[in-house]
Every structure is written in structure tokens, then in C-alpha cells.
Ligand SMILES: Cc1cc2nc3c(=O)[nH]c(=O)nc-3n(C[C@H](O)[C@H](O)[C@H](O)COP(=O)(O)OP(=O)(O)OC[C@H]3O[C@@H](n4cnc5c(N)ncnc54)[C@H](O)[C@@H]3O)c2cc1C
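Shown here is one chain on its own, the form predicted alone, set out as C-alpha cells.
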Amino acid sequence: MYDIAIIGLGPAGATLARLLSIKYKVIAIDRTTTQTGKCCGGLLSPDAQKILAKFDICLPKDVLADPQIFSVKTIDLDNNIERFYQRFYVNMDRMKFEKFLVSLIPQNIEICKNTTCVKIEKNGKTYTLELKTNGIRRIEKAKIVIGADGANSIVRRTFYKKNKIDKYVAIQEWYENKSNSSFYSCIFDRKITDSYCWTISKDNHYIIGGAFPKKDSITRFELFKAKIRNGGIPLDKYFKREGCYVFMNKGFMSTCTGKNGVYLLGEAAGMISPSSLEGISYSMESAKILAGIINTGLNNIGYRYFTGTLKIRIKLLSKILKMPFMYNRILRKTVMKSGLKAIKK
């Protein structure tokens, strides 16, 4: 019997596991393998950098990726406008970043690698977890279950499926960058998606991707690839494709923190920016808050966690209010035409 079971060891789960008191018996379920990675541009935002600074964590150089880019080329295909804006992201290898965070977890945490949680049931005051590792199934029990398993969270689907939130499909492909050119672009085109697409240079590769509505997501991505080719970016040597679900938080009530022994962290809780789809900072911040609450005792966690994350939810609301200026064609045209905060090159 474990005190706490953490499902998922991305930035949210790894941070929580690192911060929990040694007095608890904790199991952490990590399904990541050497062949799988998060469908993510791998850009560390200023907010995420600030959280790492609060933790006094410095990134090893092998986590960083080339090149470090200081501006984003914003391409509005709906209005045929291009602008450059300064950005302060750190270009990194997302898989190496997550492995680094996992390496900081203390030895008292039992980590189950290459393991998937396939079922969770409540039995009285405890929870039964059915786990699968290399085809072998086993049962574990815990008093508290914490979902840090992203937009396709089995914890949220099992216990909070009534808390609806829009789910998109993020798809990206890697291609060899023979020219060694460097760029980062953000692309808007309503014919492709009502979210946005991206291109990023990373370690001698191009990454092209986007977030698409679930219906016809593959067709939309192929249309985006065709426009990329027509725009002059060579997609010659294919390297790999990555995909995952991503939450599009469009309302204050979309965030679900959990109760009664089942709690959600980061994107599983709906804590992801609807404007940029950045979720690392919210993952680590929510983990820090929940760890602080649990370490003071296991009573009334749900209410304390809900109130403790109020600032996060208010911040997400500000991002929701920003969305029309990004995704509404007329408002976006007005902002970009004004040249506000744009860089002249």
C-alpha cells in the first residue's frame, strides 16, 4: 500500500516527486521510453525559467539545443502579413529535459519506468491501479492518486470526465536541415487550424508542426506541409513524426484540480496556456503548490489545492482574454498592422 501514486513523470510529476516529504511511501509511473517523446517545440518560456530559478536548478549544457533564437517570425496567412517579435525562450531537447528532471528525484521514490497505468478504481478509501510493464500486468494500491499525465490523462478520464475541455491533436515532423539555417516562426491560417502552427530549428533539423482540431487533423497537417514546401522550406530527409493530444483551455471552469484523494497537475488539470500552448511553467508551479500542501498533512487537500492555485487560474484567464487578438483574423490584423512591439529587420 502506497501513500501516493503519481501517474506521469513529465515536468509536473517529476517536480512533485522531487518535492514530496520522505515520510510518504510514493510510487511514480513513467511510461516514457527511449523511442517516445513529447510532441513539443522544446522551447523553455521565461515563466518556466523563473520556476527553475526559484528551485535553484541550472540546466546542464547537453539539455540545450542549437541554435538559441531571440525572435519569432509571425506569419499571418489570412491577412498576408509578416512581423518579427522578440522572444526570450531557451531552445532545448525536451526528452533530455524531462530525463534531467527525473534524475533529480530522490532515491526513496519508487519509479516504474516503461510502465502504463491502464485502469484505476476506487475501493473504499483507497485506489487500485492496474499497471502494465513490457506486457506484464500487476496491481498496486494507493491512498492518493495524482494525475500528471497530460491531455490524455487516464486519471481525468476516469474520475473527472464531466469536466469538459477542448482537446486538439498536436502533430510535428522532423527533417534534416542541410542549409543549417536558423528560424522560429508562428503561423496563422484558418484554413489549416483555428489554433496555430510552428517551425523551429533544432540541432541540424527543422521541426514543423501545429495544433489541429481532432476531426481531419492528419489532412490539415498535410495541407500545412504543402504550404511549407511552397514557402521555400525544403522537406527532403524525413526523420520522425511525433503526436499527442493537447488541451485548449477556453474557459475559467475548464481547470480541474481534483478532490477526495484524486488530484490533477499541469495539463491534466487544464493548466496550459490557450494562447501559446505553453504548459511547462504551469506544470512545475502546480506541482510545487500541491507538494507544499501534502507535506503539511493529508487532510482537506482538495480545498487547499483549489484555493492555492487561484493565481494560476487567474493567469490562465488573462491568456484566454488574449486569445481573440491572436486567433481572430480582424483583431490580429489590427495588432500586426500597428507594428506594436514588432522588430524591424
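All residue numbers are counted from 1 along the displayed sequence. Nothing here was measured: the structure is a model prediction, and the numbers come from that model.
Keep in mind that the form predicted in complex with this ligand is not shown, yet the notes after this line are about it.
Heavy atoms within 4.5 Å of this ligand in the model of the complex are found in one stretch of 302-310, 58-66, 275-283, 289-297, which is 275-283. Contact annotation: residue 117 falls within 4.5 Å of this ligand in the model of the complex, judged by heavy atom distances. Not displayed here, this ligand is approached by residue 98 to within 4.5 Å at the level of heavy atoms in the model of the complex. Taking non-hydrogen atoms only, residue 9 approaches this ligand to within 4.5 angstroms in the model of the complex.
Proximity of residue 94 to this ligand in the model of the complex: non-hydrogen atoms within 4.5 Å are present. The single contact residue among 27, 52, 39, 320, judged by any heavy atom lying within 4.5 Å of this ligand in the model of the complex, is 39.
For the partner-free chain shown, 148, 149, 150, 154 of 139-158 come within 4.5 angstroms of this ligand in the model of the complex, judged by any non-hydrogen atom.
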